[in-house]
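Quick setup: one chain, the form predicted on its own, written in structure tokens, and binding and motion questions come after.
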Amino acid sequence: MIVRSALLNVMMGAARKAARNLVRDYGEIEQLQVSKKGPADFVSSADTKAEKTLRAELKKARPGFGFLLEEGGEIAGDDKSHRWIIDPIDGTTNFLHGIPNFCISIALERDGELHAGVIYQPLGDEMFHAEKGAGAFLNEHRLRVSARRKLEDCVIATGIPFLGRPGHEVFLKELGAVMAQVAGVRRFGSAALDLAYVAAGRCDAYWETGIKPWDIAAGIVLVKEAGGYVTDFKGGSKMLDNGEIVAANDHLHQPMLKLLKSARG
């Protein structure tokens, strides 16, 4: 049995509590009140309820910490060293269409660096969690990124820009370059779960652009603690700032960067 820190126990407890209403709402999907937030980008009453629960639970446990929330924006805390980065439902469009691929994502930033991450997929009761220097886990099992060395053997995850998002033409070039070299490309509709799957070795790599900090913060910790590499498209560490991300094991990371660079010209 693994021994988790008090911090991770707080994060996991908050995720489980928020998930109770999500599961109920998912079961009554036709009853949900939904409002448009933008083209093909929806916010539901479930999103709002989950974020409220997460904020209340985390604030109760760590009163001084700040927040960066998908729905609520940035909220400064008295403790300037710590900030929660939260997506109450990553995969909202999946959720609202009855597609069972969504999750809760919670990350903790400490002194400007990502320190811990929790990604909870409630329908499968899959709790991915990691803390800096302590490894990555799925429930009670230690995670490692895949050991595959050749792109031709790999399944790669990505996100596709949708209505209202820029970069469609560039993405098609990237997709063409990648799919010509790999065994398969998958689009699951949740960046947080894409990263969790890379950490678990289910997917061998993942790339996306135009992504938000709350979509990827927890997953970055998971992949790194599972032995993987995560950078922006230039090989740097500005993923939260520029919305670019490439995650893979040490054998595939550079080949993925080269493919994407060549696609972009």
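Here the structure is a predicted model, which is why all the values come from computation and not from measurement. A residue's number is simply how far along the shown sequence it sits, counting from 1.
Not pictured, yet referred to below: the form predicted together with a small molecule.
- Although the partner is absent here, Ile211 is a contact residue: one of its heavy atoms lies within 4.5 angstroms of the small molecule in the model of the complex.
- Of the heavy atoms in Lys132, none are within 4.5 Å of the small molecule in the model of the complex.
- Among heavy atoms of Ala191, some come within 4.5 Å of the small molecule in the model of the complex.
- Although the partner is absent here, Glu70 sits close enough that one of its heavy atoms falls within 4.5 Å of the small molecule in the model of the complex.
- Shown here without its partner, the chain carries Asp87, Gly159 and Arg165, all of which come within 4.5 Å of the small molecule in the model of the complex through at least one heavy atom.
- Annotated contact segment (heavy atom within 4.5 Å of the small molecule in the model of the complex): 183-191, selected among 74-82, 183-191, 134-142, 167-175.
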